[in-house]
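Single chain ahead, written as structure tokens, the form predicted alone.
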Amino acid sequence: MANIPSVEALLHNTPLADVHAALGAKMVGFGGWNMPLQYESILSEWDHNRKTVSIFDCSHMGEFMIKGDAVACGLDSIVTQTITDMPVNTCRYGAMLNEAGGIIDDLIVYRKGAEDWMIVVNAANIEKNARHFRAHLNAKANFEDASFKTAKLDVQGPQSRDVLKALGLAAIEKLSYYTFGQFQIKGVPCLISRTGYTGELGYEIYCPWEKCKEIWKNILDNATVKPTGLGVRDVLRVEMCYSLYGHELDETISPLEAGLDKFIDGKKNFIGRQAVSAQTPQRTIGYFISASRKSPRAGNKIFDAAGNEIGMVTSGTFSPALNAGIGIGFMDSPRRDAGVEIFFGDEKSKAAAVVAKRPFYKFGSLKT
């Protein structure tokens, strides 16, 4: 009988897989990768990130390096947002679409030089995205998928700046929101940006794959830092109403439905523009707070006060900040106004909630 590989054997490992195991992390498959779900309780990890500083292994994310004039090489037509006016050392969030106007992925563009770009994409979409870029860039572009050469560590929390300054990075003070720079941590060259995914002040460290353990150890040598897993990261991003690919975003979802309107430059040509311009969304993304501690779950139906089904939950969790369940989902257009009562669950069991404005968590240190 042939040996059948285990699910774990089919997953990619980050450079820190054995380190996570040694620290007692509970490991799970995520986006094709073997990743730490949690080290301690979700609540304790949430509390530490919101009040102090945490480090996340995000080496599963994809990094594409592109050299060439953005317009001449075809890069500008792949992404929905304006990038030609980006100053060097800034980054910009956006998306890339298929011809039908569906979201292939959301991404962040980094402008490293006049004709030097880095595109950061979601882990589960690396291969698909690389094919898309190669198909639509032309001979004037130099494209490299550096995803398995580039590690990524996220240092997030109100004290994250202090932690990096303690490593000798005094110039980190100069990084404003959605900018980046070139630094060295104990002699290791790193690109460090300040974007964040938790609602707190935070930095992303891109370093050589083989140097990741060294950087991880140097940061964790600071007693204020704790390793944190994907479990609490999801709670933190839902509290901020940030979308996650595979939940609020996929190739069947329009950027207009997903609330990405402001990340679309309607004055330029991009793949999917014609389809998007013809769209009249019948549903739009919305946010709601449970009337109790009961948490909505992805796949739950959403009902109006009269019991009519009006949508579906895409993400839900318990919010320690609000001491209540919170959810994100698509609802029939027009979008329900904040304060309107809705229900989530199924026909047999419904829980009350109220539509809210984003974000749920309004007390973070993100832009301090």
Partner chain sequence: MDSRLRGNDSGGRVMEIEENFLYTKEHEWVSIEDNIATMGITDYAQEALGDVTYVELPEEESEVEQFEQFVSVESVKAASDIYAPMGGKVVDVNRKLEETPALINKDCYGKGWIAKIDVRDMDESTNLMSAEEYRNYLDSLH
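Keep in mind the model is a prediction, meaning the values are calculated, not measured. Residue numbers count along the first chain shown, from 1.
Although not depicted, the form predicted in complex with the partner chain is the subject of the following passage.
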Item to check | Non-hydrogen atom within 4.5 angstroms of the partner chain in the predicted complex for each of 93, 242 and 286 | outcome: no
Checklist outcome for this item: As a check of understanding, the residue in 231, 101, 259, 74 with any heavy atom within 4.5 Å of the partner chain in the predicted complex should be identified as 231
Checklist entry - Looking at 340, 28, 322, 312, which is the one with a non-hydrogen atom within 4.5 Å of the partner chain in the predicted complex? => result 28
Item to check | Interface stretch in the predicted complex with the partner chain - options 293 to 301, 204 to 212, 75 to 83, 146 to 154, non-hydrogen atom within 4.5 Å | outcome: 293 to 301
Next on the checklist: residue 41 versus the partner chain, in the predicted complex: is there a non-hydrogen atom within 4.5 Å?
Outcome noted: yes
Checklist entry - Is there a heavy atom of residue 37 lying 4.5 Å or less from a heavy atom of the partner chain in the predicted complex? => result yes
Checklist entry - Within a 4.5 Å heavy atom cut-off, is residue 68 in contact with the partner chain in the predicted complex? => result no
Checklist entry - Does the partner chain come within 4.5 Å of any heavy atom of residue 64 in the predicted complex? => result no
Next on the checklist: For a quick check, can you give me the residues of 310 to 324 that have a heavy atom within 4.5 Å of the partner chain in the predicted complex?
Outcome noted: 316, 317, 318
